[in-house]
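Only one chain is included here, represented as structure tokens and corresponding to the form predicted on its own.
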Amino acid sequence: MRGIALLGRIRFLDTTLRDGEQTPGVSLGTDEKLAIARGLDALGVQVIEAGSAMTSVGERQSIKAVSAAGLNAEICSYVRALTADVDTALDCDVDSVHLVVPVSDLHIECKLKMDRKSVIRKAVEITEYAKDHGLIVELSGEDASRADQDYLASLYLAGIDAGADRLAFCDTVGVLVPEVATEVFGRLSRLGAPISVHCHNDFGMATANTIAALRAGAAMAHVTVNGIGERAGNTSLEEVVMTLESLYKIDTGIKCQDIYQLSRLVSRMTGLPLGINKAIVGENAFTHEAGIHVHGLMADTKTYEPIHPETVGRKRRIVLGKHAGKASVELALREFGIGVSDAQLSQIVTRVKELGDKGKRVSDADLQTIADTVLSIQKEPKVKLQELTVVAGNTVTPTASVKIQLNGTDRLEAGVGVGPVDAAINAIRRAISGVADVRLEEYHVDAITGGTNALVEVWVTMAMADRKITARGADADIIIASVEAVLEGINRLMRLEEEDRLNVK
């Protein structure tokens, strides 16, 4: 195995805009590709594979836009071993091409209908053609993990002689295992050109294989944000970066504090939600419920967190349920500025556990209601719904009008949206504008019962300034449930803001 000191020279080629976009159902427009490319560049990624120029006219427009954006990163286009592909990439003003050549007998014989020698000749021809036209060439072996490794080495050596700047080993269907990756990259790293590792996650080992390859001498990792890609996806950018940074203490040059922001951007623009238990960027990555864990966190966060959430631009979150203990409930109450005695705390914890035993998530709103009941505090809402009218249909723009009472004064406002719920929420936000700047950050719906008259539960995350809270509403009408949740969130945020002002005085 090569020395781990070599990790200091690691570079990243991000293929979110090419391999990531090949996720079924994902299609990115030019503006979306530009936004993601700028995010990758700001993060410190060295090479951005902006797409495959031969795909379509729209794809070429997007690649040209990324090439013209003045980014620091090298801009790359995927090409096959065809001069037409290289010409099209040149028209997009890219810096480099990712020249992908099938190298397993399965691909050579079944897909290309060629023989091994012909594939090498073609790879050499296109490498020389691209170099003659001023391009950086990364010669990539497709399905390399199922290829004859001696043949693969001969193709790579022929490519180096033809001028290839970099090589890439593609584990196209994710069948590589870490011990084999270590052995393979130990050999390939001695061929005389930098070797990249490109892994797929079909067996859940893309990150492990990539780390093993880098430890054995690979110079570059191919990755995607959130690990998106065909089938089970590609190697996850955030997982590889944080493994190197936190477990191997290697400075990758990546601005780790911006990882979560970029993750959310990619999720939003691709329409691919993150798994709640996704490493580093998933909702639960820094979320705690169990009382013994929260007690440990209060003593030292390292007890149950391998890294500080702020390292990747996140915040710690404590949720309550049947596993909650006094420490977690007390910590949550403290966030709301609610002080309780030991006896009152015990009562609140008991009620939280009772809800948790029924399979219920205990939201911020639930906790505050429980605390208010135990403390016998009745707080008048600042915003009350008086009237709500919604118009929607297949030939009209969804429109809502609301009449609310804000601090005792009636306000009438209207709003439009992409649907009736969106229109109603927009109308409410317009009605309170100038008094409270509240943002809706997350929206989730659960059906509590079955049938067309199902009772639905709506969960929202509302934010005002730097403070966030979770609220919920339940009704057979999804619009009413949504409005109820939003109003609950608004009232609690306004109440907390008022308490902050009083505490300052």
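Not measured: the values here are computed from a predicted model. Just count from 1 along the sequence shown to find any residue number.
The next section is about a form of this same protein that is not shown, the form predicted in complex with a small molecule.
- In plain terms, the part of the chain that comes close to the small molecule in the predicted bound form, with a heavy atom within 4.5 Å, is 194-202 out of 194-202, 151-159, 125-133, 87-95.
- Residue Val100 is the only one of Ile259, Val100, Val349, Leu367 with a heavy atom lying within 4.5 Å of the small molecule in the predicted bound form.
- Think of it this way: in the predicted bound form, the small molecule has a heavy atom of just one of Cys76, Val402, Leu214, Cys170 within 4.5 Å, and the residue is Cys170.
- Contact check for Asp19: a heavy atom falls within 4.5 Å of the small molecule in the predicted bound form.
- Glu239 falls outside the set of residues with a heavy atom inside 4.5 Å of the small molecule in the predicted bound form.
- In the predicted bound form, Glu142 approaches the small molecule with a heavy atom inside 4.5 Å.
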